[in-house]
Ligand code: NDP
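One chain is shown next in structure tokens, namely the form predicted on its own.
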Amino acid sequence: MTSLKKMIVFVTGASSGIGRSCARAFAREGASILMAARRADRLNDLAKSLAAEYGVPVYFFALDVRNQVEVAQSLTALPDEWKPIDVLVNNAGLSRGLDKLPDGLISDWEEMIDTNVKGLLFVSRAVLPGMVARGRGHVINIGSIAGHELYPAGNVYCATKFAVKALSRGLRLDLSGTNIRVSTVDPGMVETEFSEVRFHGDAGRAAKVYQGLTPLSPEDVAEAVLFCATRPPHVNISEVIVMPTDQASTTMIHRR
């Protein structure tokens, strides 16, 4: 198991859900935590909690990964001691809407593509040159089972997660010989704000998604991410699919 102590781990979308749990899991292992998300107030609360509970250095900043200029400027402006990022967890992402394509909202499509695909690219492009120059690093992309199996009305969201899978595989090819590892962690149903965001704040509809089954928790996914990051340097966990026992596929779910 590779020690994470004093390593700098950068987590995007760290204000809630899987990103928040990843920040906690890495802090527990002694890593220095660099966090970004749109909701700076939540990051501030999390930073205080991590510093108090684990005694690790924490630095955060507000960031919308859809804005390429903002991404580049924010990472360039980091204090020097925070620039040598060892692990990048590309977690920022979302789903909007569950409509058949002829009925879909273009604004939903744009938000998903801009966040899940372009945001991942913008952050990776800003971080990777430093990793290449230092000859070490690890990129862990949070994908989805939706990047392996389509489901009805999942159209554009699934397409963005198929893109994450393709970009991750392409990145492994492009980084061959650099000692930089690339992993994807692809969960099934995880009980977070995901469904409430998908349904534009309809909490009642979102709650029904998880009724009658035991979904994954954000902590479950964070442990899979941590596993990837703590393998020996010669071991690259390329893809991990993590599913609830009650979920056999994107559409086959056992409800009690």
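Since we're looking at a predicted model, the values are computed, not measured. The first residue of the shown sequence is 1; numbering continues from there.
There is another form of this protein, the form predicted together with this ligand, and it is not shown here; the text below is about that form.
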>> So this ligand isn't shown here. In the predicted complex, which residue out of 207, 213, 197, 51 has a non-hydrogen atom within 4.5 Å of it?
In response: 197
>> Taking 4.5 angstroms as the heavy atom distance cut-off, pick the stretch from 174-182, 72-80, 102-110, 141-149 that is near this ligand in the predicted complex.
In response: 141-149
>> Please tell me whether the candidate spot formed by 118, 124 and 168 is one where all three residues come within 4.5 Å of this ligand in the predicted complex (heavy atoms).
In response: no
> Using heavy atoms and a 4.5 Å limit, would one call residue 45 a contact residue for this ligand in the predicted complex?
Replying inline: no
> Is residue 229 close enough to touch this ligand in the predicted complex, meaning at least one heavy atom pair within 4.5 Å?
Replying inline: no
> Does this ligand come within 4.5 Å of any heavy atom of residue 37 in the predicted complex?
Replying inline: yes
>> With a cut-off of 4.5 Å between heavy atoms, is residue 32 one of the residues that contacts this ligand in the predicted complex?
In response: no
> Counting only heavy atoms, which residues in 39-68 are within 4.5 Å of this ligand in the predicted complex?
Replying inline: 39, 63, 64, 65, 66
